[in-house]
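Before any questions on how it binds or moves, here is one chain, the form predicted on its own, in structure tokens.
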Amino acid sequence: MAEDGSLLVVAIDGPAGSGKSTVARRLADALGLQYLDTGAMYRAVTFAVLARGVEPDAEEAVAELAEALKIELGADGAVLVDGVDATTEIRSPEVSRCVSEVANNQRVRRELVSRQREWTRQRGGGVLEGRDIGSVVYPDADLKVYLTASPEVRARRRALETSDVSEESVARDLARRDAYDSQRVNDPLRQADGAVTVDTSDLTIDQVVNRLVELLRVADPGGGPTD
């Protein structure tokens, strides 16, 4: 178990389009745990930054906004930012273009990592997905997974989610974000030590989830899904 032995934590990291969100939700259901999309938190901050006319690279102003911001993540995927429903807006192209820069802000990361750990403590564990869960947020998670997929598959998946954007445009944005996230100074995207890599390119969601459940059983024979 993570930390003091009372938490069951699964950390799922990987680039956009690798299947993190879908797999994490399904795995959480299979294990009887709650699910946290940490990327939605960074997108919520970015949404607030843009909505209030703050420049994403204005480090102090962005950090102060993040530290004061109320972010509510519903089990149904709804995202409220200071009471405003921003579920759709946080996935906009504008937010997608700026979220990496906001996420590179050290104070923003420190604030949100603290909130992510508190969320997990309050729920007795959970399935957390993002880009630094296994490396920073919960390096001692019960299971650490790095999901990946070919660039073509990732672009196709993302293009299907945003029907008004071409697959070529999505592919360019993914390449740009991959480079930025993997090279940033603060908590770059990388495979955590001890994480299991799963390439989801040719796997169904059920196949991925079943594999992770089995890996968790091997890592913790007394754990596994609840009935």
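Sequential numbering from 1, following the sequence displayed. Source: prediction; values computed, not measured.
What follows is about the form predicted in complex with 2'-deoxycytidine-5'-monophosphate (DC), which we do not show.
Proximity to 2'-deoxycytidine-5'-monophosphate (DC) in the predicted complex holds for all of 91, 103 and 109, with the criterion being a heavy atom within 4.5 Å. This chain is displayed without 2'-deoxycytidine-5'-monophosphate (DC), yet in the predicted complex the stretch 34 to 42 from 34 to 42, 64 to 72, 51 to 59, 194 to 202 comes within 4.5 Å of it by heavy atoms. Taking a 4.5 Å heavy atom cutoff to 2'-deoxycytidine-5'-monophosphate (DC) in the predicted complex, the contact residue among 155, 149, 99, 86 is 99. Residue contact check for residue 215: none of its heavy atoms lie within 4.5 Å of 2'-deoxycytidine-5'-monophosphate (DC) in the predicted complex. Using a 4.5 angstroms threshold between heavy atoms, residue 26 stays clear of 2'-deoxycytidine-5'-monophosphate (DC) in the predicted complex. Using a 4.5 Å cutoff between non-hydrogen atoms, residue 131 counts as a contact of 2'-deoxycytidine-5'-monophosphate (DC) in the predicted complex.
Within 4.5 Å of some heavy atom of 2'-deoxycytidine-5'-monophosphate (DC) in the predicted complex lies at least one heavy atom of residue 16.
Along 53 to 74, not one residue places a heavy atom within 4.5 Å of 2'-deoxycytidine-5'-monophosphate (DC) in the predicted complex.
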